[in-house]
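Here we start with a single chain on its own, the form predicted on its own, put down as C-alpha cells.
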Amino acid sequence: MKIAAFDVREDERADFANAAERTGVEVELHAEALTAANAELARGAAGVSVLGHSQLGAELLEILKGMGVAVAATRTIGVNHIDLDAAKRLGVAVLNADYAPNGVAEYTVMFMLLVLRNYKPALWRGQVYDFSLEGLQGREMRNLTVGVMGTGRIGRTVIRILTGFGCKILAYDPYPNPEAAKVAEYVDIDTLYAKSDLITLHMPLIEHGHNANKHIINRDSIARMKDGVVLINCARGELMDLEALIDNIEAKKIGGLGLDTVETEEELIHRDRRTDILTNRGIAYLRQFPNVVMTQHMAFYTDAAVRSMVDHSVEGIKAVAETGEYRTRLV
C-alpha cells in the first residue's frame, strides 16, 4: 500500500519513516502542498496526508477520486481546508489528527504569564541593556478571574493547570462538562465577558449554523468586557475579528493579547518571509504593540504532538483502506 504525504516538514520525516516501517506501508514524502497542478504525484496511492496549506476543495477531491485515492488525512485537528460536503458526495474518506491536549494547554498558560508580566517589552529593553522597571509592573494570577471559552479536551486541561495558580475560573460552553464544573463555574457568555480579567478561547471554528462562532470576539463582545481585559487565542484565528482587536488595543480597552493564531495568517505561518514584501497590514501592525505577543501558530508544536499527528495519518489511511473504519474518521 502506498501513501502520498504533502506539506512534509523536515522534522516529520523521521516520524514518517518510523510509521511506515511499523505499519508496513510505503510513504512518499513531498515538501510541497497538494494542488490540482501536482495531484499526479498521488496517483497509485491509497490515500493522501496533508497539512493546512493543501486546500482540498471539490475540484481537487474530484481529481483525487478519479485517480483512485480514497482517503484524505490531515495532520491537523482543524479541517477548514477540506470541503467535507464534497468529500462525502464523492465518497472520499476524511480523517483528522489527534494528539494530547497538554502542549496547547501549557502554551496557553505560558501566553497568559508572558502578557501579564510584560515580558515582551522587558525582552526588548534587555537586548539594548535597558534594565529599568518603569512600565513593567505585572499582575498575579491568583488575584484574577479567568474565563475559559470552550471546555473540550484543551479547555479542560487549561482549567486543570489554572487551579494551581489559585485564580477564579469561569467557563462557557454550550455543552458543560461535569468534570470541569467541579473546579470552574459555568456561566452565560455575557457574565463571562463582564467578570473576566483574562479570557482564553478553546473552541473549533464553526462558520455556519446556529452554533456559528466566526468573529465571536468582535467590537460588540469586547465592549461588554472589562477595561484592560487580556485575550488569549491558541485555537482558531477567525474566532477573533482582527480589525476589532487593533481598534481596541489602540483604545486601551484591551490590556494585552496573546495570539498564536490570527485571521488572514494563511500566507505567513510556517514560512520564512524575511526577504519578502508583506502585504498583510493587519498582522504587521498588530504585532508591533508592546502588549501583544504573537507566535507562528506553534502551540501544537511538540515532539509528542508531531509524532502523534504523523502516526494517526499513516495508521488511519491504512485502516480505512483495509476496513473502512478509524477513530478519527469524519466523513
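Counting begins at 1, following the sequence as shown. Nothing here was measured: the structure is a model prediction, and the numbers come from that model.
Omitted here: the form predicted together with ligand NAD. The next part is about that form.
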Legend entry - Blocked or open, judged by overlaying ligand NAD from its pose in the model of the complex and testing 2.4 Å from backbone or C-beta atoms: open
Inset, instruction - Verify the flagged residues Phe6, Glu28 and His81 against ligand NAD in the model of the complex: is each one within 4.5 Å by a non-hydrogen atom? - result: no
Legend entry - Contact assignment for ligand NAD in the model of the complex, among Gly166, Pro204, Gly228, Pro121, heavy atom within 4.5 Å: Pro204
Legend entry - Residue among Arg160, Arg125, Lys253, Arg153 with a heavy atom within 4.5 Å of ligand NAD in the model of the complex: Arg153
Legend entry - Contact of Asp173 with ligand NAD in the model of the complex (heavy atom, 4.5 Å): yes
Inset, instruction - Please check if Leu95 has a heavy atom lying within 4.5 Å of any heavy atom of ligand NAD in the model of the complex. - result: no
Inset, instruction - Although ligand NAD is absent from this view, report whether Asn213 comes within 4.5 Å of it in the model of the complex, heavy atoms only. - result: yes
Inset, instruction - Could you confirm whether Arg236 comes within 4.5 Å of ligand NAD in the model of the complex, counting heavy atoms only? - result: yes
Legend entry - in the model of the complex, segment of 73 to 81, 113 to 121, 217 to 225, 138 to 146 with a heavy atom within 4.5 Å of ligand NAD: 73 to 81
